[in-house]
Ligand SMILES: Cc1cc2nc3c(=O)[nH]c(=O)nc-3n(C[C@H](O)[C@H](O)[C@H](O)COP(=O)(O)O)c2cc1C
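Listed next as structure tokens is one chain, alone, in the form predicted on its own.
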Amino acid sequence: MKCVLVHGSPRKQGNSSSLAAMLADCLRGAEVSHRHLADLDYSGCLGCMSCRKKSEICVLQDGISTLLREEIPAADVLVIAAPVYLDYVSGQAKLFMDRFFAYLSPEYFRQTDPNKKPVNSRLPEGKTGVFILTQGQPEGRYGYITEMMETFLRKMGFTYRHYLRGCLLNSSRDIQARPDLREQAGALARLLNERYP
């Protein structure tokens, strides 16, 4: 299994990164690459539409170009881990996600037949997308973010979609006292180990 784990927190030892590490530690025999967005120099989508007109990939050249062009298309599993900042994912994660616009197929914008299965994504089928979200607020808050992430992953063509959500995590030390989250990470890892033996 090839897994790309994208850390969307500016804090490398923060809760979302710690929960992502718990998942990665349980992936048996996987090739896991960690990418910390805070270490990379990149921008969000510029709306230049080059990926619609003259290219099938994002034409921007920056710190996430290789990640978008090579690593994610070749991976079986993409994990995006991010904290909730100001009612949504961190800015680093949002800028990264905006660049996925280039993965939308040209057919996505021309679909008019409701009986035809849409072809949304240029990414190969069979991929798994995982979102790890951590927040200081209780579980009843920010549930809409998970719904938005479901729409994002489905639109981008991820066949399998999973979520880990850690709530009431205010300090980076809080997650160490949460065996329930470690157990959830382990259960998801077992599922992925079976899917990609």
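Here the structure is a predicted model, which is why all the values come from computation and not from measurement. In this text, residue numbers run from 1 along the sequence as written.
Below, we refer to the form predicted in complex with the named molecule, which is not included among the displayed structures.
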| query | finding |
| --- | --- |
| Touches the named molecule in the model of the complex: Tyr85 (any heavy atom, 4.5 Å) | yes |
| 4.5 Å heavy atom contact, Gln135 to the named molecule in the model of the complex | yes |
| Touches the named molecule in the model of the complex: Leu68 (any heavy atom, 4.5 Å) | no |
| Non-hydrogen atom contact Arg182 with the named molecule in the model of the complex at 4.5 angstroms | no |
| The single option of Leu27, Val130, Cys58, Leu169 touching the named molecule in the model of the complex, heavy atom within 4.5 Å | Leu169 |
| Heavy atom within 4.5 Å of the named molecule in the model of the complex - qualifying residues of 11 to 27 | Arg11, Gly14, Asn15, Ser16, Ser17 |
